[in-house]
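Listed next as structure tokens: two forms of one protein chain, kept apart as structure 1 and structure 2.
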Structure 1
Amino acid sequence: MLKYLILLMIAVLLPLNSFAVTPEEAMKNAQAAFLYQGKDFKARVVMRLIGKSGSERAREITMLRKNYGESGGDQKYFMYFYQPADVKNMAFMVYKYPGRDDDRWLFVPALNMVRRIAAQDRRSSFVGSDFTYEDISGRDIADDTHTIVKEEKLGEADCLVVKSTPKAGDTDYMHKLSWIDKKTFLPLKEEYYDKRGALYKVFTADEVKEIKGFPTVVKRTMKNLQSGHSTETTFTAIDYNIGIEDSLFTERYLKQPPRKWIE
């Protein structure tokens, strides 16, 4: 009898527990689900940069990522460019450390030279798109104060809406609202408000697929409402836990990436 009672109590308390998640925990979960899934990760990324008048520019890369340590810890990124045509063979490498500036290297084929790139501003545009470096590789959770604003349904998904306000004033936005799917923890929508308090940038996760058991956002859009510019990103050939070796993330491979990762 007691056993059943306990089970009943657990059954009653469980949903309550999931409600009782702190905003920081919600953001941590989202970070883990969105940016740290698996030990490593690979995808072919196509970005369509769409101007106000409808003109387009394309970016096509293979992106390789490897985690070092826990979710929220160090990561290494390797990106190889196919498009635009004149940057084919260009390769870009990022060592990401929480709490301090990234290290970035770029291989410039025309000069046959690897250059270090100083990256102070994580809010700057990633390859000319509406995504910032931070949008691609994440923002330290401790940099913001988070509050849960409300819970609401976004389409089919039950979401927590978290408001994140940067502690320092060095961002281009005043605060951000994130809709976090309670089931997958993926952020399905983000709204950025500018310093006048007006909504100016919207992120949407347009399509989520399960790959090797990991729910993955395979199509996403960032739209700048003020400039009318938007970027649509599609991930294909996604794979997790493929055993990317540490040696990939070196200058040598930046110049000559191994065939097996770059087809």
Structure 2
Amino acid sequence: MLKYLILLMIAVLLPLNSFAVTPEEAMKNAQAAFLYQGKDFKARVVMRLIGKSGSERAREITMLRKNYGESGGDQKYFMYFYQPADVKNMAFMVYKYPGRDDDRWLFVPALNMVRRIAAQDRRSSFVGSDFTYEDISGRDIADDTHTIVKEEKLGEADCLVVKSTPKAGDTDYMHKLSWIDKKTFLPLKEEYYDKRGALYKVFTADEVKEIKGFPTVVKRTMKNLQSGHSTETTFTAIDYNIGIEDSLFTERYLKQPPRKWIE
């Protein structure tokens, strides 16, 4: 009888302790796999903005990223826009500081002006897409409370499903669910739920390739279920550990970046 009671207690308690990682560790691993691989990173990016009616607009960008310190630490991003004409030669730069607000700058060639982007604008649309400024460089893990809600298969991948709830009311969603591949730790899907608890936005990692030994999401989509608008993003000419110079990440080069880094 005693043995039966012990087994019953283990069966009841096991689901609470059956995961190999804590929810915070799962999210840190996902952030490292998605945003911090390599010492630096470069890619050509095409964003297709697709309206509810099927109409399309495109953005073509060169994206560069450099890590400083350990995974999960400071980063710098530089993005240069090639097309369409209304954003040609525009440049965007981020200094990412986990634990405090990031610094963001945008060079607007039509005005020949570098503009600081306020911290509260981080949830604004990134150049008309369904991605926000915060989606591009990532959200601080400490800003949310995380819980592993289940394990689930997504396609061929075994995933942990993590629920993240913002600690402050600084987002346009109440919580999100992330499907994290247990093998690569890449986030393969994210669902965003609005303040009423309704699903309104979905991120999917549509294609993953291994580049220089790093599993890399080379195609991703963000869909807004309420507006019917979506953004498909494809990464090509991807490279890691190319020795990006610190001097690139300056206001001076927002206006006229070195050709060797943006071509």
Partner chain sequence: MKKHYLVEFSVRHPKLVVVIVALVTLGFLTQFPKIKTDTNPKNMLPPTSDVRVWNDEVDGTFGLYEDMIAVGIVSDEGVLNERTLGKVLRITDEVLRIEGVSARDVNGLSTITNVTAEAGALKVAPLMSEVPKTRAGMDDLRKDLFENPLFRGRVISDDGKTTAIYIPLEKGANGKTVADSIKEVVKREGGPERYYVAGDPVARDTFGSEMFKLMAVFAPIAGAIMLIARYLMFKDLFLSVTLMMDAMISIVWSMGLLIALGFPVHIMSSMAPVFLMAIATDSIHIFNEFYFRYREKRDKKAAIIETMHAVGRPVRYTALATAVGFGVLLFMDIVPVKVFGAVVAFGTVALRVLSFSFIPAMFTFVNEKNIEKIAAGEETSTGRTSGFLRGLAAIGAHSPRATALIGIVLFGISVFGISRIVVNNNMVEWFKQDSDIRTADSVLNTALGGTSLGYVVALSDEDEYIKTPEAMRRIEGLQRHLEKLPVVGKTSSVVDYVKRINRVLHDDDPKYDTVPSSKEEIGQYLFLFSMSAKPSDLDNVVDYPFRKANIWVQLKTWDVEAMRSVIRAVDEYKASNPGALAFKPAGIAYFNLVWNDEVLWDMLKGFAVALVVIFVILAFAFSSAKWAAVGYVPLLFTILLIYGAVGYMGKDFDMPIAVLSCLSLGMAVDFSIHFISRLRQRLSEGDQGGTPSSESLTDALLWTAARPGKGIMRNAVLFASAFSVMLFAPLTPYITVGAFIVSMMIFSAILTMICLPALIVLFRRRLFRG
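Here, a residue number simply tells you its place in the sequence of structure 1, counted from 1. Predicted model only: the values in this text are computed from it and were never measured. Just so we're on the same page, rigid core means the largest C-alpha set that superposes within 1.5 Å between forms.
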| item | value |
| --- | --- |
| Pair member which, unlike the other, is the form predicted alone | 2 |
| C-alpha of Glu251 moved at least 2 Å between the two structures on rigid core | yes |
| Cα displacement of Met113 between the two structures, once the rigid core is superposed (Å) | 4.1 |
